[in-house]
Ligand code: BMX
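To begin, one chain is listed below as structure tokens, in the form predicted alone.
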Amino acid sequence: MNAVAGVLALDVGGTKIAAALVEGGRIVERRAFATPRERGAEVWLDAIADAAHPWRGRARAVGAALTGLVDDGRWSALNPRTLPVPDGLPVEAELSRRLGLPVRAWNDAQAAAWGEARFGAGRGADEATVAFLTISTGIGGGIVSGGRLLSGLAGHFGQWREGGDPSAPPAEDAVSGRWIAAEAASAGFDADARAVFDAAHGGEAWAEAILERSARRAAALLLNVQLALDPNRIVIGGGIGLAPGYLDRLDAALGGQPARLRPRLVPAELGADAGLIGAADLALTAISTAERV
């Protein structure tokens, strides 16, 4: 039995990289820094390793939650506008070489879905289907069904296309924080998503109009998720999804739907920590299983 129980957890997004030491499903120590997105994958991986290096002796494995697609230990971008990840980057092998520990990687929203299903707003629905949707810089998601996390492309709700046109831009490009900031700029305001929320709270009509359009489109996406999966609940996370008033806007946009079609929306309980906690738990389970074989 390995006496070292900690896991190094990583959460790499288009805006921020977070690293943490997780023990017993609880974050013990953490650090975060801006993603050096223009400097390339080697720089990202080196920065991640530097941040996590002091905890190596206290961890038996690494769990990584990454924006984009993760398949068989390889990392690729689904929407390069979120983060321009090289296609098929062997991220598990590269991080393992840098940290000297076994590494398991998942999409960040899938890892967060697992964290919420195990320890947050989805717990208690073990035999049901729980969907997770995060609205942040982009839009991601995950599906836990019957106590199992669906991997690969499952849950990449932000990449769904509207109107039956395969060439249409992904849904996240008309909803997310990046879109909100771009709409503000088009309206003549130098404001990021947080500033748009502040302006809407202050009664600015232009800001409220942007957030209303974002929420209406997100509500349509949520309705499609409900129709596709019929989940027990949809957990809403992310900096936009959990911003003050946004969940109320989603509920209002869905208010005209028949009760049977309307999804049950619940706010994420783990906040920005969902991906870290989920990745740590998934990695610990995977490594423990491998050690028993």
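One-based numbering along the sequence shown. Nothing here was measured: the structure is a model prediction, and the numbers come from that model.
Absent from the display: the form predicted together with the named molecule. The rest refers to it.
For the three marked residues, 77, 140 and 156, a heavy atom of each sits within 4.5 Å of the named molecule in the predicted bound form. For the residues 83, 101, 221, 211, the 4.5 Å heavy atom test against the named molecule in the predicted bound form is passed only by 83. At a distance threshold of 4.5 angstroms between non-hydrogen atoms, residue 111 is out of contact with the named molecule in the predicted bound form.
Within this chain, residue 263 is remote from the site of the named molecule in the predicted bound form, having no heavy atom within 4.5 Å.
In the predicted bound form, the named molecule lies farther than 4.5 Å from every heavy atom of residue 241. Looking at 267-275, 281-289, 6-14, 20-28, the stretch with residues near the named molecule in the predicted bound form, meaning non-hydrogen atoms within 4.5 angstroms, turns out to be 6-14.
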